[in-house]
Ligand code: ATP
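A single chain, nothing else alongside it, follows as structure tokens in the form predicted alone.
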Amino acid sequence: MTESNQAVGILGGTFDPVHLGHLRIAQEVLDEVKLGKVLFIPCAEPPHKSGTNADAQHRLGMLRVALRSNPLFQVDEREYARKGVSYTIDTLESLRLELGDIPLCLILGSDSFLSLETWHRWKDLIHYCHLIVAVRPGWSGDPKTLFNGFFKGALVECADELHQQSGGLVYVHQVTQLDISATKIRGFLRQGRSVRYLVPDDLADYIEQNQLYRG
């Protein structure tokens, strides 16, 4: 399998700001599933939030800074180019038209997966991609209990199966626990505290230079 047709990971979010927790999950999934790359897709107008703290251009700028040292991590700006609310299903449809039958792997945290029924056209997602559910150590349930409803029968236990078809499967991967959140980072910055070692050093410099999240 050549790099051009390797499976592609997709990690979406507001990235307000992006942090080492995002990057570590993406790296672990990339390694486990043997992805060709991971696309980080910043949400322009989030459907589940009333707004963002940093404006769209700064969130995009922070993402570019954070990813520039890893050639397998790429920023995808299609949700910024599209008008209206940023729905994941629209993004997947666009990627599928662009990439053909290459396997697409949408990376979700277990909390996001559990709230999937609130997403726009959520039942259609799996027609365009695989779902990779990143579960952190300490989660109290059995991962298989997540799939007793609509996704029952889609769960696979071997990541290699994700390369055999373009979408339609669900894979659970346990990732390293990093107790980092964008909310915590914004709180530290409002208090004038350092966020080094929570975000890449270059990103900490970008935030400082642009006086972001200062209240």
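Residue numbers run from 1 along the displayed sequence. As the structure is a computational prediction, the values presented were derived from the model and not from experiment.
Keep in mind that the form predicted together with ligand ATP is not shown, yet the notes after this line are about it.
Student: Do heavy atoms from each of H22, L108 and I180 fall within 4.5 Å of ligand ATP in the predicted bound form?
Tutor: Every residue of the spot touches ligand ATP in the predicted bound form.
Student: Tell me which of 154-162, 65-73, 181-189, 30-38 has residues with heavy atoms within 4.5 angstroms of ligand ATP in the predicted bound form?
Tutor: That would be 181-189.
Student: At 4.5 Å between heavy atoms, is S86 in contact with ligand ATP in the predicted bound form?
Tutor: S86 lies outside the contact set for ligand ATP.
Student: Is P200 close enough to touch ligand ATP in the predicted bound form, meaning at least one heavy atom pair within 4.5 Å?
Tutor: P200: no, not in contact with ligand ATP in the predicted bound form.
Student: Residue-level question: is L11 within 4.5 Å of ligand ATP in the predicted bound form, judged on heavy atoms?
Tutor: It does: once ligand ATP is placed as it appears in the predicted bound form, L11 has a heavy atom within 4.5 Å of it.
Student: Report yes if any heavy atom of R78 sits within 4.5 Å of a heavy atom of ligand ATP in the predicted bound form; otherwise report no.
Tutor: No, R78 is distant from the partner.
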